[in-house]
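Encoded as structure tokens, the following chain is the form predicted on its own, with no partner shown.
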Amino acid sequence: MWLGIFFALVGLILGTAIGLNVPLVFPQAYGKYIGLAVLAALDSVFGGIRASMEDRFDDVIFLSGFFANALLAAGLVFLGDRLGVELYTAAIVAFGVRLFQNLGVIRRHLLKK
């Protein structure tokens, strides 16, 4: 369990460090897509850490959830842009709530040990 959490945290830190040091600038029009992609990734990582702590981690569920969340969020942004409605806020709220819930469970799990 702890090895998986260690790899997830190392991957998160390494990915953040690489992302901050690569001089790649996305056009402003893709800002909503990038923001939701980051939220989807963080949601999947924290969900994976929580599942690992509860000894029910499954890599197939983790990967399928990661891509399904990212695709649904991108679809909401695209559809919202076409309709002129800010549909991406639904994904932001959903990912934000899940992030805080998963973080709370992880924190409680760590404090009980």
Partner chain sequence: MLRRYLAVVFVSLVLGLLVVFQFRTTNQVEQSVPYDRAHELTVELKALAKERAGLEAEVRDLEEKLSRARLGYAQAEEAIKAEVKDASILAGVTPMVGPGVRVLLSNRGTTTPQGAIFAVRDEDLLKIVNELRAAGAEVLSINGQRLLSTSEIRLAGAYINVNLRRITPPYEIIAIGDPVALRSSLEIKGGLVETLRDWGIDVTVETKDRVIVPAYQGPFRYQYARPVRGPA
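Residue numbers count along the first chain shown, from 1. Rigid core: the largest C-alpha set superposing within 1.5 Å between the two forms. These numbers come from a predicted model, not from an experiment.
Another form, the form predicted in complex with its partner chain, is not on view; read the next lines as being about it.
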property	result
Full three-residue contact with its partner chain in the predicted complex, heavy atom 4.5 Å, for Phe7, Ala41 and Phe57	yes
Leu3: touches its partner chain in the predicted complex, heavy atom cutoff 4.5 angstroms	yes
Distance check, Pro27 to its partner chain in the predicted complex, heavy atom within 4.5 Å	yes
Heavy atom of Phe78 within 4.5 Å of its partner chain in the predicted complex	no
Contact flag, Ile92 vs its partner chain in the predicted complex, heavy atom cut 4.5 Å	no
Rigid core superposition, Gly11 Cα moves 2 angstroms or more between the shown form and the other one	yes
Val22 C-alpha moves between the shown form and the other one by 2 Å or more, core aligned	yes
